[in-house]
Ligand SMILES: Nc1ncnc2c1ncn2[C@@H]1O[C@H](COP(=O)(O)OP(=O)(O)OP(=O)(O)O)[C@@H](O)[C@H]1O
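Given next, in structure tokens, is a single chain: the form predicted alone.
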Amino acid sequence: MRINSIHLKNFRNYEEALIAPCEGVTVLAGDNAQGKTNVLEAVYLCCTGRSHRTSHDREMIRMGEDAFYVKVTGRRKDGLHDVEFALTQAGGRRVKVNGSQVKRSGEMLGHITGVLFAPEDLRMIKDGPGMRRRFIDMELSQLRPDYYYNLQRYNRALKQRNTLLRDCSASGASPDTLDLWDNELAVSGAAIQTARHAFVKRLAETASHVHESVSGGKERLKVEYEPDVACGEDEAETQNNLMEAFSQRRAADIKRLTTTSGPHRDDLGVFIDGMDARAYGSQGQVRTCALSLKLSEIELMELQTGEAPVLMLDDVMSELDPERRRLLISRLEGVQTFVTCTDENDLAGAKIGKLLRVKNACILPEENP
């Protein structure tokens, strides 16, 4: 797919901006805190319905304003698609797809698709399981809206169950009331685990090939899905496994005041030459793994949808050594890419199609790359 235009109004530090990227590599260059990342955040918002930087939507409203507005227009094989996203200080969201307001945020998914690679993603391997689950969840949500809805159902049920666990502990209320939420968690959780298992299987194959290329054939990468509760042969068996786990852990859950088993505790195993990279990988190995996983996202989305997503590189070049920069740049061919940077020298060797300077939330006239 190709993004044709990005329109921002009262978004972060932008009063208003209209950006027309090229089909290849568009560079947003400038000093820190000028607004480069805000452009990528707006695009990512229209891809996934959420920011990659904050869980508090109102933080994206320009200071002193009552609302923000973002619109991203792109072209896919089946024609033009646009996503509009507006938010008020009161917390009211309004999302439109191709000019029509949608009732559920999941309806916006799949129209503008993108992969974001930011410096924090380089910590994905070493950080806790939550970062790796998020990596899986954001990819699957763009590819499968039904996964997104199951994730919403699961998280709502998990919140309700944890509230009841605290009530049981505090007031001695009957734990039988947990049965309803156990069933809800098992149904949505089984759908989540089934999707994750299939996704990671495809990811493992792609990432292994990408990593071999990125590492120059020096290392072998193995990626495995590590469910907290074992997956069954089918979704029904997985659902039974979850119900059994919730039942067996109920007493411990009441004692700890939280649900101690389920898909919210899943992890992604990452191994280099048989060694657990999460615990023992060097900084260079960890960064190569993260890079391989992100590049694999692009290939998987292209296989699934028939066209490559947009790639957003948020100041990540400065975090990579020259060799990894070269390898990343070599894989940008045929993918519309947005790159933010403070130093264009970090992009040596890249075919830059458009260079835009960003200063105080103003997009300055295009320069010859």
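A residue's number is simply how far along the shown sequence it sits, counting from 1. Note that this is a predicted model, so its numbers are computed, not measured.
Below, we refer to the form predicted together with the named molecule, which is not included among the displayed structures.
4.5 Å heavy atom contact, residue 61 to the named molecule in the predicted bound form | Although the named molecule is absent here, residue 61 would touch it in the predicted bound form, with heavy atoms inside 4.5 Å.
Taking 4.5 angstroms as the cut-off for heavy atoms, does residue 32 touch the named molecule in the predicted bound form?
-> Judged by the heavy-atom cut-off of 4.5 Å, residue 32 is in contact with the named molecule in the predicted bound form.
Would residue 53 count as a contact of the named molecule in the predicted bound form, using a 4.5 angstroms cut-off between non-hydrogen atoms?
-> Yes, contact at 4.5 Å.
Contact of residue 342 with the named molecule in the predicted bound form (heavy atom, 4.5 Å) = Yes - in the predicted bound form, heavy atoms of residue 342 and the named molecule come within 4.5 Å of each other.
So which of 302 to 310, 330 to 338, 317 to 325, 35 to 43 is the stretch with heavy atoms within 4.5 Å of the named molecule in the predicted bound form?
-> Correct option: 35 to 43.
In the predicted bound form, residues of 6 to 30 near the named molecule [heavy atom within 4.5 Å] = Stretch hits, in order: 12, 13.
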